[in-house]
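Coming up are structure 1 and structure 2: the same protein chain in two forms, each one given alone as structure tokens.
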Structure 1
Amino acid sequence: MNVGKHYTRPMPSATETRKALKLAEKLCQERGVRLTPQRRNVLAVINASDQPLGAYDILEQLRAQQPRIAPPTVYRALDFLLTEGLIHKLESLHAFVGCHHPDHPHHSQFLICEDCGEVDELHSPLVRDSLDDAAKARGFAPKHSTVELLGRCARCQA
């Protein structure tokens, strides 16, 4: 059950996926955390996809090579990858996408088309600063921020 029909980035090439995995390995080593084979496999599946994937989509793809892999293994790997900023979770879709810039922390905003499933990632400092200012004004210390706008993309509106 893939959660989206389209994703704005084209199908990643094998070279792009390898580069993303090498960067993830480098970042994990620098941070003193371990990118285990299971975590690496989950990240590889996500980064090789042209669309957001749910946990069970990932599990299904991994079972082709690892028939005995269990859901908790995938969920633990996803938690690790999220914590390390290597992937993003689209809360409204219960799905995951690879992070385009895992080497620096950032707040992302996503435009999600409810008709075709296209997902577009934005990085607007203006949106981030506005949310940070509003939280600070109320004495709130945000731990994590993901903004998702649901609607219709330009193509579906035409």
Structure 2
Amino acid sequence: MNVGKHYTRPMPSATETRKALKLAEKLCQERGVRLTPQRRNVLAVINASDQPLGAYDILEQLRAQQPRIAPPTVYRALDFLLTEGLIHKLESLHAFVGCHHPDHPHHSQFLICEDCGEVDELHSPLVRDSLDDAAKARGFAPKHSTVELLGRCARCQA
């Protein structure tokens, strides 16, 4: 897959990754859902990456430990993590990123740099409200939003 071509920022630290996993565990416990080892593994791979990962990228990484793991296992874990709001899917890349604020449901907006692959997760209330208003004006009841801007990040323009 390899989204970024030029600059790539440093991988998330092991500490950050562990903290994210701890939070995920806590949230799942609170909600009465199970963060099973497979789901945890998938989340760990995603959180440990500095780039969005495709399902088959994740698969490949998991095969290092579990050579016989197959696509449905990964997709099932991804479905779970999406449902629980622990990750996001970037539709325009067919790739997945960890959620920065998994503790409450939200619309997110993503700025995706085509040069370096960096993904910036925003939660602009203005964007959210303007979208809600637009939907309301049409009597439309939104369940899920996909908001992705593709372009160049500040660093790659400089």
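Just so we're on the same page, rigid core means the largest C-alpha set that superposes within 1.5 Å between forms. Numbers given to residues start at 1 and step along the sequence of structure 1. Remember, predicted model here, so these are calculated numbers, not experimental data.
- Each of the two structures shows the same chain on its own, and it is structure 2 that derives from the form predicted in complex with another copy of the chain.
- Look at residue 153: with the core superposed, its C-alpha moves 2.8 Å between structure 1 and structure 2.
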